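Okay, so here's just one chain, in structure tokens, the form predicted on its own.
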Amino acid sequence: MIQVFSKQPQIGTTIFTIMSKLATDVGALNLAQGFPSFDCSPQLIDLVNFHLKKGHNQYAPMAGVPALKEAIAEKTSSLYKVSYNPENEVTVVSGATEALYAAITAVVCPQDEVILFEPAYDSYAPSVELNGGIPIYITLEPPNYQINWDLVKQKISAKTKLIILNTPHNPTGKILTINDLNQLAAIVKDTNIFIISDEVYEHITFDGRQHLSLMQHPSLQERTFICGSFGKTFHITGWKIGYCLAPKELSVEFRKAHQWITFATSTPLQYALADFLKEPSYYLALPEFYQKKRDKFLVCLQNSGFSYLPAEGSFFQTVSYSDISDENDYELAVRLTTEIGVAAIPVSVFYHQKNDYKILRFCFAKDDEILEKAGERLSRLFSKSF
């Protein structure tokens, strides 16, 4: 028998696949995986059909369709007052996860250290390790998940090559502040440390908060890969279209990796998005739209026994059950799915040592009917069963 040597023997199937399959198998409401239950704009679908029929069905340019790169640059300039050259500083990729992997591949060499803040999206560390890098973890603790920048300073070494940040943050819903950016800028000043900023939820912020992109801090912008996603913004996660904004020198290295990973992204979808971006109201209305979803879900949880701080951004709400049960969060997530029909993500999976703070993550990017049913089940059955 041929022997297979695993490059990542400790890596199994992602928790999102596990919980979504379990939810499907038992017919549970899937508030685990982060995708909307509602469809995208009919106008966007019409634009896709238009470009399919127009013949835009061959390979797109490796770095993206020019019209879409220009639209991304214009949107960025309008929102953040920062200019990126669409020709050599904007790259379209097949989803934000590819953007993250390509950016990590572009700069991380064997034995380089990469600072990660956990709980962290589960692709970060494996992508670092596949490139020979060494994850250096900084643990953020509930309920506030504040970054201890003094600890960050202590973790910086001569081997530090990269820092990965996520704002608005998945799974906690926290948003970085100007104080965070200023402290980060002071730490990386006069170093060769790069930054990846995962900003896929940039348009989903609540209670009057504004998303603060790392590109808006001049001394950070010059060393940062900004990773974005149309999937999260326009309810089209199945399209897998994202992008990366980075200064020319960084984009050159980013594209070297991108061309071997997917090379190009779906052509008609790119043209459709380029046209769709001409109307800013589609993304400017998202904070109000998703805040209603968050608030609806929190109302539905009022009698559940969970405790929580309302999410500042993203379409996730974390809740604590420490006053209700001592059960392991993974086991509880499975039981909630199988016994009452509501799937969630156990937050311990986002920590490399599986820290169990008795917290679950729910996705509220769902139709109101689903949120109401989930709230009823959690409120009625949770207190009886646990």
Ligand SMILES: Cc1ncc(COP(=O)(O)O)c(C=O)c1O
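In this text, residue numbers run from 1 along the sequence as written. Just so it is clear, the model here is predicted, and its values are computed rather than measured.
This protein has a second form, the form predicted together with the ligand, left out of what is shown; the following refers to that one.
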Practice task
Given the ligand in the model of the complex, answer whether the residues Ser41, Thr233 and Leu286 all have a heavy atom inside 4.5 Å of it.
Solution key: no
Practice task
Indicate whether Lys293 is a 4.5 Å heavy atom neighbour of the ligand in the model of the complex.
Solution key: no
Practice task
Indicate whether Tyr201 is a 4.5 Å heavy atom neighbour of the ligand in the model of the complex.
Solution key: yes
Handout entry: Phe117 within 4.5 Å of the ligand in the model of the complex, heavy atoms
Key = no
Exercise for the section: Would you check, heavy atoms only and a 4.5 Å threshold, whether Arg255 touches the ligand in the model of the complex? Expected result: no
Handout entry: Interface residue in the model of the complex among Pro86, Gly133, Pro268, Gly95, criterion: non-hydrogen atom within 4.5 angstroms of the ligand
Key = Gly95
Completion exercise
Interface check vs the ligand in the model of the complex: of Ser229, Thr76, Thr205, Thr105, the one with a heavy atom inside 4.5 Å is Ser229
Practice task
Would you mind picking out the stretch of 300-308, 245-253, 95-103, 217-225 that comes within 4.5 angstroms of the ligand in the model of the complex, counting non-hydrogen atoms?
Solution key: 95-103
Fill in the blank from the handout: In sequence order, the residues of 155-178 that place a heavy atom within 4.5 Å of the ligand in the model of the complex are Asn166, Asn170
